[in-house]
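Just one chain is shown here, as structure tokens, and it is the form predicted on its own.
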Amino acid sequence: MREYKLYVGGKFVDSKSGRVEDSINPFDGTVVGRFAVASPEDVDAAVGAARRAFDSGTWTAIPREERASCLKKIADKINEKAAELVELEVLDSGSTVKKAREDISLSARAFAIFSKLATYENEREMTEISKPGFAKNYLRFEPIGVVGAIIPWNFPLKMAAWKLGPALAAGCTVVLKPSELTPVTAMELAKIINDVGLPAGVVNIVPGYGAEAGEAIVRHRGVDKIAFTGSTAVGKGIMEIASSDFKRLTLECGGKSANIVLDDADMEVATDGSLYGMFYHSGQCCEAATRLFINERIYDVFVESLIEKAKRMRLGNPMDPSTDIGPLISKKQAARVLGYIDGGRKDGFKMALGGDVPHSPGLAKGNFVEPTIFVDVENRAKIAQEEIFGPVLTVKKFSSDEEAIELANDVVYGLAAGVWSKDLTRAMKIAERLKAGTVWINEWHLLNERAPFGGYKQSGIGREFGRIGVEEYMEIKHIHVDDGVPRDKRVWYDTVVPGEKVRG
């Protein structure tokens, strides 16, 4: 069994409380590893290390190319250890091996992309307002400082890369809190970061509970920015706490994404894409296609095909390459999902598929819930409005594109959406009116670290990825430089300061 200590100030250390816990395999309940649990005192030590590293300039002041080189080394090391990391990701999070292979590869890609973004110029002249002989104006992008990064359990290593990559590229130092449910690959990442030789304190990794370590990070006066991915409810709490000292925030929160299938869609592609959009990682994705809207002219045929294909999805051991759907992260999460399913039944909605735990003896120890599809669901129903974070799909028909847009936007979330149609002009017109940060046309789940990602409404604040994502970790400074304007030519001359200007 692997054992993991906290990573603070460039060293692996025990928690100050001595507390340790086991990380549990969601498939069979076995212990994957034992890890130190961070307390508020550990957070204080980690923030102190990050603060010293930032203020001393050991990361901020080095050439951008050196920071880029360090990030690229992390990417290369992840690729070198990919087979080991894939196995650990499957065991720790319940990801299918197919998903885990993709996630580890994309984690390496993220660091590689942010290594390139680390080299862009952080100062430019504002030529549109500069005037030779009078003044020059510059914009500077400067690292905010110490970042507290808090990540969820559904994409453990990839989420760590998505938070560390842009923060480090910007020149910030970081205290990262992985979920207590999936700390293993984040702590393996700590080993990689230590091996590539980042200066002590630049990255600190302290797994722990949100109410203890997470809140301590948010409240700490030494933290300048919070980067959080998780539920909207927790995001609201972070906003309230962070307001006390005006911490900068990036919040990627809940979703209840609308998936619109038009009557001219490629039926086979749209059916497969809708299943992928919904049931990938057992629906444990913030931008999952959880609300399916189908044009009434193809509704019956589409739903029949959708259900028949869904029946063929295989639940099983996530280490088996033939498994399509693995377990949910915990028994608590499985019970929560089953509670929503029971609520949908009691509200009178027709359940066309699933709705139970699988009864196969081989799955009995796992946190499984069958893929579940409710049809003809009212848009304002609880199961159609609240984020379930499990394999539960609601389906509703619409009669016109206008109605589809109204239904899609009638929710407090706005993280993602999708449109399926052979008429790209028609699909684009719909996409432009959807209140969502990402809209896919004839696709789903394709995120790229070069393109911004984030939500409208209660799905969050700010954007991740790309140059925009790096700038979320920077303060913007305007510098005005006098270009030698004579005293009597200055706009303020003789306004406040007594002068000898001769008036004509």
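Numbers follow the displayed sequence, beginning with 1. From a predicted model like this one, the values you see are computed outputs, not experimental measurements.
One more form of this protein should be noted, the form predicted together with a small molecule, which is absent from this view; the next part is about it.
Heavy atoms of Glu215 reach within 4.5 Å of the small molecule in the model of the complex, making it an interface residue. Shown alone here, Phe293 lies farther than 4.5 Å from the small molecule in the model of the complex, counting heavy atoms only. Although the partner is absent here, Val234 lies within 4.5 Å of the small molecule in the model of the complex, judged by heavy atoms. In the model of the complex, the small molecule lies farther than 4.5 Å from every heavy atom of Asp401. Looking at 375-383, 124-132, 320-328, 206-214, the stretch with residues near the small molecule in the model of the complex, meaning non-hydrogen atoms within 4.5 angstroms, turns out to be 206-214. Just one of Val174, Met159, Ala289, Ala110 comes within 4.5 Å of the small molecule in the model of the complex, counting any heavy atom, and that one is Met159. Note on contacts: among Gly255, Pro391, Gly165, Gly418, the single residue with a heavy atom within 4.5 Å of the small molecule in the model of the complex is Gly255.
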